[in-house]
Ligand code: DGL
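Have a look below at one chain only, the form predicted alone, in structure tokens format.
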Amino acid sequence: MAVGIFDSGLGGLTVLDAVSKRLPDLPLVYLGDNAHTPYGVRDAADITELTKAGVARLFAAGCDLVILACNTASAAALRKMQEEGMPEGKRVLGVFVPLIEALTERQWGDNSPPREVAVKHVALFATPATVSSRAFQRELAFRAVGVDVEAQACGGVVDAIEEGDMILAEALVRSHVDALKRKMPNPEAAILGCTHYPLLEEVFRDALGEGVAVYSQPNLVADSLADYLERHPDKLGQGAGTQFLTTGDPKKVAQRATMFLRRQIAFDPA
């Protein structure tokens, strides 16, 4: 058994890379739904069904714990999946939790009333589906008051990354940051609300300028997972190494993944 990591495409590899460095002995199974990427332009019902199918495949691979390393899937599908219930002994976690823990400086198990936090003006960069769901704002409101969140739907960025066109992706990021700053000229913090975006973190930082704290998910998720597994050792899988699965063309996906992670990766058909 292993811990599963699911993403709509290549973005979740940023999370897998951070988890592998933080927990080098943890067996992992990565599943990229590259045949249906990007999720960010799909409706909630479609995203939910695709996410359910991906999670079921990881459960079938022996994973007791699955991380939705996709903000769009976490925003559109996670709550519904949890409400419907999981198979006995199985658990699915999203990637919003570590972000909000970091932003509000309070643990997820802290159920005290929402309170004022240091950061008052937050820029959220995410896919159109994540932005329209307002899931980040909803979860944040449970824990903090007085935080102004300005969201920018970053259309086209995931597509460019998945196609390997980083020049276009960088141009789109700068355009989206400019659009956000027209609405919120002086954000104190910026959330990179898509696991593809850490591949362009330095572009976001440069476009945002000095003085803006940038919250990027991979290391936050890795630290949160390490803490979770320490508290729930029954979810720690047995086995060794990492397996990579894709619903797309394994050879094509492997080439892109190798380019992004700068190490050789081989994918098997899901």
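Each residue number is its position in the shown sequence, starting from 1. A quick note: this is a predicted structure, and the numbers were derived from the prediction, not measured.
Unshown form predicted together with this ligand; subsequent notes refer to it.
**Student:** Between this ligand and 34, 54 and 246, in the model of the complex, does every residue show a non-hydrogen atom at 4.5 Å or closer?
**Tutor:** Not a single listed residue reaches this ligand in the model of the complex, so no.
**Student:** Which is the contacting stretch out of 205-213, 227-235, 35-43, 59-67, given heavy atoms within 4.5 Å of this ligand in the model of the complex?
**Tutor:** In short, 35-43.
**Student:** Can you check whether residue 103 is within 4.5 Å of this ligand in the model of the complex, heavy atom basis?
**Tutor:** Outside the cut-off, so no.
**Student:** If you check in the model of the complex, is residue 123 within 4.5 Å of this ligand, heavy atoms only?
**Tutor:** Flag for residue 123 set to no.
**Student:** Taking heavy atoms and a 4.5 Å cut-off, does residue 158 contact this ligand in the model of the complex?
**Tutor:** Output for residue 158 is yes: heavy atoms within 4.5 Å of this ligand.
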